[in-house]
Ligand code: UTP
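Below sits a lone chain in structure tokens, taken as the form predicted alone.
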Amino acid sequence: MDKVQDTIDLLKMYNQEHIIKLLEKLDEDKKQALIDQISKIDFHQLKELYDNTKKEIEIKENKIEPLPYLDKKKLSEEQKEEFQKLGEEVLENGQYAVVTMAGGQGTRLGHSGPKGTFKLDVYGKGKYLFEILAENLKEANQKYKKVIPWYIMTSKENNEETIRFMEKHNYFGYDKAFVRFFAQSELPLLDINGKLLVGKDMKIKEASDGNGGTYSSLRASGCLAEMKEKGIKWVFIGGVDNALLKMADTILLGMAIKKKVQIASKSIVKANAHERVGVFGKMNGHPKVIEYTELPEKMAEEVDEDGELKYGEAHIMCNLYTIEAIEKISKETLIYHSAFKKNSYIDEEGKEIIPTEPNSYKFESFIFDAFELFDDIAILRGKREDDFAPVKNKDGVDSPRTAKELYEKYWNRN
């Protein structure tokens, strides 16, 4: 009985009385499930996140500077060889692991199911996004005579479906003993008055807490400890939706080792000064991906003595970390950004309300917000046509059509 009373007291303390009314109406099993869920919620953190949505964003005077990078195509043969040798050593010693962020659904593509299960119409018969990634890793395994441990981050929403899909397709020939799934953490949704939303299953509605949650989810799931046991020294983290993602680029890895940094990333040059992408820079002395909304127009258009954009290195979710860097970040709380979205919910009378306008806040952190915890990052500039074929929108830019074109052109050349 105490547990019920404790829950009621907690809900009263944080002005969530509407949930108490709901608890009174539920049968014993559903009531227990809801109480268990409530006991795991950090109400203090939620209150802070909600209060932040009401604050005016303070535009601080930030000192923004460009970040140096190396252009892959301008490396001398000597540099290439040195980087490659350093990178290959790590792979041959089995000290490299890969994380794929695959928590999203393919809704924007008009695909029902996890994004990685989307089939890209290449070479007539098509390939699933997961299949393309598996092929990329298998090629590296063959080359370096080691199987790279592959960690796939799902969400609570798509975890079971993702595992079923991979089982059904026999992991596209990847050794399943080296594949591990873990789910991304979630945070409750709040309405405009800071009230928790309840879903049809009579539980509090939650949503994934953004790709910045990857680090803490690696720790919470035990995957980080497992990597350390395996003697992993470097970890690559990338998304599921780039059909040209190179997950074992020995030049990127060798460059990071040579530069003695804990984090490295591959960039591509912006299509133009006003392309709406985040770019690498230094802010207040630390590496950062500066959102296009944060970069003053004058700076966005600035060029260096070679006529190149000073802030032209776009972040393409192609990130590399030492195991120590992942460990460090996983203990930190990254800043949360709020997004105002439409979410259906059950009202106090038990009726489902489907809003026509945004009605609730979703809180998420971004993977690149962690870069600011370090003094330096090594950037390798790749090429759009070799490294970046994202599948994000149903039509137009970054769509299956553009990704198919880039993918086929790349493999016809290579």
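In this text, the rigid core denotes the largest set of C-alpha atoms whose superposition between the two forms falls within 1.5 Å. Quick caveat, the model's predicted, so the values are computed rather than measured. Start at 1 with the first residue shown and count on from there.
One more form of this protein should be noted, the form predicted in complex with this ligand, which is absent from this view; the next part is about it.
- Partner proximity in the predicted bound form, defined as non-hydrogen atoms within 4.5 angstroms of this ligand, places exactly one of 161-169, 69-77, 221-229, 237-245 at the interface: 237-245.
- Screening Asp249, Glu131, Glu157, Asp209 for any heavy atom within 4.5 Å of this ligand in the predicted bound form leaves a single hit, Asp209.
- Screening Leu196, Leu320, Ile329, Met101 for any heavy atom within 4.5 Å of this ligand in the predicted bound form leaves a single hit, Met101.
- The three marked residues, Lys115, Gln184 and Glu364, each reach this ligand in the predicted bound form, with a heavy atom inside 4.5 Å.
- This ligand in the predicted bound form comes within 4.5 Å of no heavy atom belonging to Lys404.
- Contact between Lys341 and this ligand in the predicted bound form is found at the 4.5 Å heavy atom cutoff.
- When this ligand is considered in the predicted bound form, Gln105 lines it closely, a heavy atom lying within 4.5 Å.
- Interface membership of Ala97, defined by any non-hydrogen atom within 4.5 Å of this ligand in the predicted bound form, is ruled out.
- Taking this ligand as it sits in the predicted bound form, the stretch 259-284 never comes within 4.5 angstroms of it through any non-hydrogen atom.
- With the core superposed, Met247 shows a C-alpha displacement below 2 Å between this form and the one not shown.
- The rigid-core alignment places the CA of Met283 less than 2 Å apart between this form and the one not shown.
- Once both forms are fitted on their core, the CA shift for Ile268 between this form and the one not shown remains under 2 Å.
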